[in-house]
Structures are given as C-alpha cells and as structure tokens.
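Alright, here's a single protein chain in two forms, structure 1 and structure 2, each given by itself as structure tokens.
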Structure 1
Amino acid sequence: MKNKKKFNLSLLNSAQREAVDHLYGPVLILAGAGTGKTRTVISRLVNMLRQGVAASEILAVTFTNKAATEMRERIQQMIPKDKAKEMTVCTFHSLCVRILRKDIERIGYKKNFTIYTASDQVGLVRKLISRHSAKDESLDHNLAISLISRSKNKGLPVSTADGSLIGDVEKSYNKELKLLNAVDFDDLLILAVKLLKDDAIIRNSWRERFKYITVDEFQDTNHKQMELIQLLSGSDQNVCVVGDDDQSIYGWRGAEIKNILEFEQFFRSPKTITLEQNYRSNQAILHTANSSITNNLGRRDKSLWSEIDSKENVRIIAMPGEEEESQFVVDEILEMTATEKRSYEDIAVLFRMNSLSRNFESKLREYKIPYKVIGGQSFFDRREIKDLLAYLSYIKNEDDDINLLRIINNPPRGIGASTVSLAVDKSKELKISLSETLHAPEFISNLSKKGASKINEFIDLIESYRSPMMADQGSFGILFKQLVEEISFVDYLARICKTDSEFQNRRNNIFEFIDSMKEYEARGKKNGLERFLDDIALQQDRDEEDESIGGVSLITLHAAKGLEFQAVYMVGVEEGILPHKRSLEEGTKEEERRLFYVGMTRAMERLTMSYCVNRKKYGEVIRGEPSSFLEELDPTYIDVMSSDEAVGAPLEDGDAQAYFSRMKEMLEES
C-alpha cells in the first residue's frame, strides 16, 4: 500500500499558504498559468479537514470529468480513503444531476428522466427540421442545436418571428424533450437553478449539505453556473473560486468573464489572493507572454514570474508558405528527438483553426512520426455503442421515443419503415408516446397479423428485461449480455461490416462495453442501470483526449488550456487567423489575445511562433500579414528570423530591438 503524502505547508510559497489558510467567507484565488493552482486547491481542501470541517460538508466543482477525477485522486493520496469518499468532487453537470434526481418531480418530470447527449440531440433536431421545413427550406442541424442552446442559457427565444423554421424547431424541441421525459445538458443546469430558486426547502437542504464550496476554472463559468453557486451558498458564503481572467477563452460558449472580474458584486467583501510565481515556463517565455496580455483593458492586475533560467529566446519566424512551415517544424522535431533525446510527447503544434493541422498531419505521416490530434471520436459516439446505449436508455425510460426509433428494427426484426411511420403518425394523433402507441388497439388494428405479431414480440422482448434490469440489485450487466446475444447483435454486425478488420474492432467495442457494465455493477450501487447511464452521459460532456496515445500533439489553442509541453510551436500566427477575422468584426479581439497568451504559456522551455507570408486559401495564394499580437510583444527575449536563418546558425547581431523593422523587411523581400 502506498504511503499517504504528508500535508506540508512548507512546500508552498507565501501566496499559496495564504490561500490554503484562508478558509472562511468568500475567497477569490487568482491563479495565473502554471502557478501551482491544483496543488493549492488540494492543500486548501485537506486543510479544511485538519481544521475540523466535516468532509461531507465540502463540495468541489470543476468543468471536466478528467479534472474532477484528478482532484479526487490527489485528495485520496493525502487523507484517509473513507474521508475522501465523503467529500463531493464533481462537475457542474454531475452536481445538477444529483439535485434533479432527488426532486425533479417538483417541476413536472419523472425521476427516471433520460439525459440527452449531443448525438441524441442531433437525431431529434434532424427529425424536427424535416417535420417543419417547407420544400425550399433548409436548416443545418448543428446550427439549430447551437442556437437553441444559446437561447436556453440567455432565457430568450431564438426567433420572435411567427412561423420561422428555427422558431418552430425550437418550440417543438423543448416540447418533445419534456414529452420524452428527457433533458439535455443545458436543461440540467437550468432546471437545477429553477428548482433551487423556486423551492426554499430544497434550497436550504442543499445549503445544509454543502457548507463549503470550491469552484475550479472559475473564469469559464456562465451566468447560470454563477447563479447556481450563489443559490447553494448559505449566509456564511464559504465560497472559494479559483481562476484566471487572462485565460478566459470560452466567451463564444457562454462563459462570462465578468463573473471573475466583478466577483465583489456577487459575494460580499471577498478576500482576493494572487498567485504569480510560475513553475512551468522560463522567464523569457513569461516576460514575452506578460507583454501581450497587459494590452487587455479591465483585467485583474498580475504579472507572472519564474525562477527558471532561460536557455534560449522566444523565436518568431517568417515562413514563405505553409509547406515550408510544416517542413521546418517536422525537421526540428526530427532533430530534437535525435540530438536532444526529447520524446515526441514533449512537443506540441498549436493552431487557431482545425484546418491548419492538415499540412502537419501529412508531413508527420510522411516522416513516420507518431502524432495525435486532440479531440478524436469518443468511444460512446461509435455506432455500435450508440445502438447498445439506445437499448439501455429505452429499457430505463419507456417514454424515450428517439431511442425507441433507433432500436425498433435494429437489428432487423421484420418491423418495416411503413409500420414505424404509421406508429409515429398515430402517436401524434393520439398525443401519446410512441411506446404507448405500440400497445394501443387503434394502432394494432391497422396492422397485418404478421406486423402485429412482430410488434408484440419486440414489446415482450423489452419488457422481459426491463424489470430485472431496473431492480436495485439487478445484474443488469449480465442480463444485457443475454439481450445482446438474444437479438444476435454481433451476427448482425458481421453482416453489415465491409471488412473483417472493421468487424473485429466493432465486436471488441461491444465486449469492452459489456465488461464496463459488469465492472460498474460490481461496485454494488443502488439504481445501477440508471446511474451507469448518467455517468456515461456525463462522460460525453468533455473536451478531453485519450492520454494513452503517444506522439506529437496537434492541438487547437482552445483545447490546449491546462496542458504543458517542453517545446511548443504556435503556427499560423497571422492577422485574420489569430486574431481570427471574426473577432475583429465582432469586437472580441481581447478574447483572441487571451487565446494567444494561453498558447504561449503552454511552453516550458522552448517557444517558436511562425507566420506565413503566402498561404493558400480556397485554391488561391493570398498574402499573409504577421499577427498584430506579435507587434505588441516586448522584444527583450525575442529572436526574429526568416526560415533560412532559423535553419542556419543563430543571428550574429542578436538585435531584438530591430524586431519590428525586420518583420517588415521580410514581408517586402518575399
């Protein structure tokens, strides 16, 4: 058994110690990039226990499952396991599920509601677009989902125009979700806030439960999340929020930077503690990054510094075009891994737009360099897994029409499209769920004897598994394995897969999924199937990557937050790309500068930024301009060079003060 790590305040710097010691009342910890934020938060939570706070009264909230798991594991390394289990460490959405599972009936839902994931939303919205659109009308389903989400969070309809397609789709979407006894991720937050706001008894019971609240990555919170935290905080307002306004880069997703900039307006007389000593990057990188972010107005004052010596300056390199840019980066990767003994995992290529990764992927493949693009397809988004999840969701919630439609003839069982269409029409006519329609005499009487028999066989199949799988101590994993075998799902895959390799992969995914059910079941929790499906739905609410895959990381700047690499290449640092053209039109350039700052502060030892003088766009070569952000940088620790100079020996003059004129010269010469 591993020894527990000792709680040792002497390992913390003075600002971190102050944050750890200040336990009562509202606290804002401004934690700059790489300043030991997680260590400080964990130490503060452990110190609460040492000072006599009950573990069950502590709530720690973060944004991703990965962050919550890491926090939980690090806490368990420092305190007894039974104490760690009593502490609630979870995501915002997971917290809302707990609140709603307990009392959602108070606002008109059944407790066995289904959580609709992104893929479930796509299925429903596509159906509604098809239902409401005229022959000459079209609407992108992803745009519709985005607009509906924004509408929910702002509390305003997408469109006030009568008869608009998006307006009709939005109304039907919200209505159908309620009929299906389903909620999406936006609803989890909105409904939890509504429940706490409307019912003082429920609100006070949760306040009694969680007397000490910690919120990580506070700069990413939106209006509803702030409202939730305010509703949960009692009169003592023992709320600690941790974040960095300089890393607020999700405004397009609803994050409200004012939550951290105007924290004093939400909680009375908070204590503000600033962490500025950086343990990640050298001073050259930090000085350069600081000189950029200070151009943002209204930010909270902080200046990162480091005791790590700078062995080399930050480089800014002008490239003739994207072919030369990708070739240069790959050549340096080969050199670094050969002569400096760096691993591929130490290196990252960061870019503002996904489209910029294509050249680098091609070049890395050409040289057989392993790589990963952050943000691949989730295991739960694979077709065969979505099919199995649909069975489970319908077994749990018979009002779930969308998942019923997915499984009713999958694998084929003789229930044709015309029968399904008739059932859908009849359910609308009778204003009942599709599941109820399958039992309705008005529907059955319209079917042939064979058709009615097939429907009854399907109903009997599902019903034979529903009760035992939903039982508190039911062996839902073993039972579901029997169901998968009974419907010959693996044989069905063998028939539809185009290659044996595809079939083997899909079959293995099924076995892995069923094994995960059995493992979950072995933990012996009540409401096993329901909680299993909740956990899976919440796992899909993330921007995370499988870290078991090795190689150079190709990653967007948005996805890079929270990560660090010894060597970072920021590519395509051009006006119109970074800052993005859209930000210049919409007046969100400051968020783009924060994105630029986040990219720079991912680098530990070496930071290289490049821009292309010429770049292909839509088949045409266009002239590129270096980003205006580059012109704002203090040149003290910067080397500016052409691609030829970067490949050759370092510049003899080393005159960083000539930085801006050099950039202009390179543009004119190209």
Structure 2
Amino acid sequence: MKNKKKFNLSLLNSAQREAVDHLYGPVLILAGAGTGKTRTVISRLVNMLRQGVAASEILAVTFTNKAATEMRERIQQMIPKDKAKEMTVCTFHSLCVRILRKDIERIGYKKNFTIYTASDQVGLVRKLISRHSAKDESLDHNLAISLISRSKNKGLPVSTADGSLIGDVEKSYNKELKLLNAVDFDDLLILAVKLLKDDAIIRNSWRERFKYITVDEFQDTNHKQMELIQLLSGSDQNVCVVGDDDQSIYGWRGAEIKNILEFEQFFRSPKTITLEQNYRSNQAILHTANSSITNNLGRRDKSLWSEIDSKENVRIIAMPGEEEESQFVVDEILEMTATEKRSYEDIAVLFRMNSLSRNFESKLREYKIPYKVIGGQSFFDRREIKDLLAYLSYIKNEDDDINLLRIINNPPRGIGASTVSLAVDKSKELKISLSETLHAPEFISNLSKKGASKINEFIDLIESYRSPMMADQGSFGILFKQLVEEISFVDYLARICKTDSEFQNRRNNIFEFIDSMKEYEARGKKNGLERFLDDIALQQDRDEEDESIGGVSLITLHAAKGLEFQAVYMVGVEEGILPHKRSLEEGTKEEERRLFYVGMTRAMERLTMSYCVNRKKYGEVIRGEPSSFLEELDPTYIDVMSSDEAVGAPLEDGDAQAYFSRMKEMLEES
C-alpha cells in the first residue's frame, strides 16, 4: 500500500465520525457548504470496506462526471486500486445506462439504442417544428425542448389542446425517438425507473447487486431520481444521502428540494446528522456568504462557522468594462502564480452565463496561461466531431435516421437533396426506417441508374465497416481512421473552412478524436464502440465539460458546485446577470441567490467579485448596475473598490459603513 493515505478517523470531527460509523439503514447528512459532506461520505465508503462490505455491493451516485471522477480518485488514494475499481461510482445518467443496456428490451426498445444529447435534440426538434408549423406559426426550439422535457418528467402531455403546434411537435418527437431507437437524457431516467418498477426480477437483481447506496448533492435530485433510489434500495434501506438545501440550484430542471428537507417521508426514521464547522473558507468569506443566504425565506437555518483566520477581506471591484475586468483578473493570476506560489489549478473564474467566459478565454490565451472551460461549448458539439459521431452512431444503430441524414451526403457523394427527400417520403409511406428504405426495391426503382449506384456505394461503404467495427474484438478505432480516410473527410474540411487556422483547428480536433478512440479500443473492453459512444454521450450531460488538462478553471456557477479553489473570481456580478433577468420574471430569485452563495462558498482564501459599469450587448454599450445581491451583503469583511484602487495598494480597512454609498459613488464617477 505504497503512497496510500491510510484510512484515518482522527481526520474527522465527531459528527462526521458518527456518520462514518453509522453504516446501516437510512442516513441523512444535511449540512452547509464546505462542512466536509463529501469528505465524510468518502470516508464512510472506505469504512464500509473495512467493515467487510464487498466493494461490488457499493453504489455511490453523484451529479456531474467531474464529481464522480473526483470521488473515484479520492477513494483510490485510500484503498487498493483493484478494490476501488469494483465499487460503482457514477452519475445518475450513467447508472441508468447500465440498467438499460442490460434489459431495455423488456420495455420495447432495442439494446443498441442511441443516446440523444442536447444538440441531437435540437436537430430533431427543429426539424419537427418546421414540419408541423403553419405559415404564420413559430416556436422557439429551446422552449419546445424544455416544455417537452418538463412534461415528460411529469408524465403529462405539454398541451391537451388538439392540433396545437407544441402538442404536435411533442407527439412526433416522442414517436420519432422511438423509431430512431434513441432515448434522450430524460428517457434514461424515466425508462430505468419504469423497468425497475415493472419487473420484479430485474429490480431484485439490482437490489442484490447494490446493497449500499450513497448519493452526494442530494438537494438537486428530482422526483424520478428519488424514485430510482427508492426502487434500488431493498428492505435493508442502506441509503445515505448528503446535501445542503442552500445549494439547491436545479429547480429549473425539476429538482425537488423536499427530497432532502422531507427525507423522512421517503425513508423511515433516518439517522440525521448535521455538520456546522466549515473547513474550506476563511471567516471573511464564510461570514459574507452567510449574510447573503439568510435573505432566503424557505430554508433550514444553520450556524456555520470557520476557524480559518482571514488574511484579507472579500473584495468587490467596479470595473469600467469587460476588457478591464478580464485584464485585471489575468494580471492578478500572473502575479499570484509568480509571487504567492499558487498554481493555476488553484484559481477559478466563475460566471453566471457561458457567454461571459469568452473575454477571459481570449485574454488567458493572449498571455499563454493554461485554462480549462467547464460548462462551455463541448468538444463534441463541434461540427466536424458531430459529423464523425454521426457516422459512428449510424454504424452502431442503423435505425438512427437523423444521423443517417446527417452523413448521407456529407462529404458530398452525389446523393442529391431530391433523392434524400424521396427516400424520406418513401420511408414514411412504407413505415420503415430510412436505412431499410435505401435497400427497398420500391425506392431504388424510382431512381436513375446513376442515383441508384450512388446509394448502393454508400450502403456498401457503411456495411463494409459495420460488422468489423461492431465485432467484440474489433479494432474500431483503426477501422474508423480508415473510413475517415476513405471518405476524404479532411480534404473536404479543407475545402469548406474559411481560413487556414479554422482548418488546422478542425483537423486537429479530428485527429484528437480518432486518437481518443484508439486509446479507448486499447483498453480492450467488450462492446467497445458502444461503450465509447455511451461515454461520450454521458459526458455531454447538459452543462458540464471538462477537458481535464490543468490550468485556471473557467466555470459556470452551476458546474462549480462541490468544487473548491484557493482563489475565486466571480465576474459579471450585475443586476440582470446574477440574479438573471429571467429569474425576476419567473419568481426564482431565491434560486439565483443560492447560486450566488454556491459561488462564494467555493473560495478558500481569496474571494473577489466584480461587476462592469459598461457592458457590450448586441454591439451596443449598456450600463451595468451592481447586483442587488452585493448590496445585501454584510460589509464587515468587505472592501469595495474601483479597479484602479484594486491595482494599487489594498484599501485601508475599507470603511465598512460607507459601503453602499461607496458602491453608488463609483457608478457615478465612471
């Protein structure tokens, strides 16, 4: 056990230890930010092993891939790797994929189903909107997707009105997904729950498998996730959930805060443990964060405290504009890493919306500072990668008409739009998939000789790769590289890219993608291609992505939960951004305040919040106002300053009482 940190109960306080020791029956750890919830559940998992529980009987579920990876790594530091590997540590969605890949046939799907990610959904829903809308009708596809998702989770149709556009789109969406042998992220959960509910044999086999269940960040579970946990926990009810009601930030996605606040209604007489000492943030940060969250009404009161002395106050800085804001942050990063021996990984820039990251990205690039974007545009959403994924997806699942349409003439191979639309019509008429239609004599006989031969060439091309790539010991990565060469995909990119740097970029992405496939293949897993595609789809779980190289983290507030950094810059803290404009209309300001709280409580030693007095929006410069959340903060440990002052020496004790007037003054000065 070289280099393994020994399991050590003395690293825990007494309440944490109590949780770690209490292994049987339902346990609820309800505690504030940074109080060691995650550390406690990890120690608890390790303790289970010590007490003789088999690693394979343990299931630990988290929300994001990043959290799951981190948990896995932390466990591996404490126990031998082979044992750690037997434990199932995963996200809700990947748990559902496992359940469904095994038995989905029981509920009428084929085993090789495709997982439709958010961007796949967009493609399908846009197509359906244009199919169903009358001349003067329009419907925003994002709105449609969120309405469909919401109603799916409720088990009710979006609209009961006959012939409404959204109603039609919804019906076709669900029908088409089924025909495509595809499931979206909502389906993963819904279908897994259905399968476990309907089939006692399957349910019991999973209950046998996982006798101990742990869920971190439980405040963000929705109704279906709660149901899944209930179905999985057998009569022993060895379920431990961990969370903080003040950090519930997924209400908009259907999270039910009552899952944690009323846990006793779902699991009988749980052992409840609260933790109060925060080990992450210094007193200035914790005090300031607490002074914000107490403005929320429906919450359990907590008294969090920290023993960590603060060397500096929290700073609120008024920036003239976005350029100055990003320049300031980058200058400080350079300075901190040079003089304070902090590394880039210790620093994070947090923002409410993805679009705010762009300035910081270009500035960091300019100064050659490594960074990673978490929650930004996914690698897999890039066009060239989506094209390649479409090939793979269609190779794996020939019912996947959407991906077939994406690649049938991409790169162009002489299959014209009219041929394609003829095929689509024929497939509807014959009620068969597009793929089958391409083989059907009724279709082929309508084509010109040349048209028919182009279709045949395409079919032959795909079929020549399909079975070798799907074969268990198949070398799907090497074969795919061959396919990409055979269709001259890179040459095609060279023709369509507008600039050379765009081409270089896209080409590199392709190489990177193929390399990652080959690496995956080298692990020699069964059903390699299928698992490769599953992993990619699951990584695109809505708003997170981690390219897992080191560097400064640029990260959305939503994706930041559970993480911690020595220095945190929360940028763009303006009214209308945080709280988000929409939340004011929708009455979800408290959720925005929780998001603000999550952001502040990520910081260990240094917290800097900034807002821009002028901000560019749609090419116009608009005036920014500091967020009303800033005005609510207790000024005791806060310095308010202009960016010029921040660059110079820190303010003397920043006259706390003059806090508001100071902030207003600064607005007027600029």
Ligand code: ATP
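Just so we're on the same page, residue numbers count up from 1 along structure 1's sequence. Everything numeric in this text was worked out from a predicted model, so none of it was measured. So that the term is clear: the rigid core is the largest set of C-alpha atoms that superpose within 1.5 Å between two forms.
Annotation: structure 2 represents the form predicted in complex with adenosine-5'-triphosphate, while structure 1 represents the other form. Taking the rigid core as fixed, one finds a CA shift for Asp216 smaller than 2 Å between structure 1 and structure 2. Once both forms are overlaid on the rigid core, the distance between the two CA positions of Lys152 between structure 1 and structure 2 is under 2 angstroms.
In this overlay on the rigid core, Leu334 has a C-alpha that sits 2 Å or more away from its partner position between structure 1 and structure 2. Relative to the superposed core, Met319 has its Cα moved 9.7 Å between structure 1 and structure 2. Relative displacement of the Leu350 Cα between structure 1 and structure 2 on rigid core alignment is 5.7 Å.
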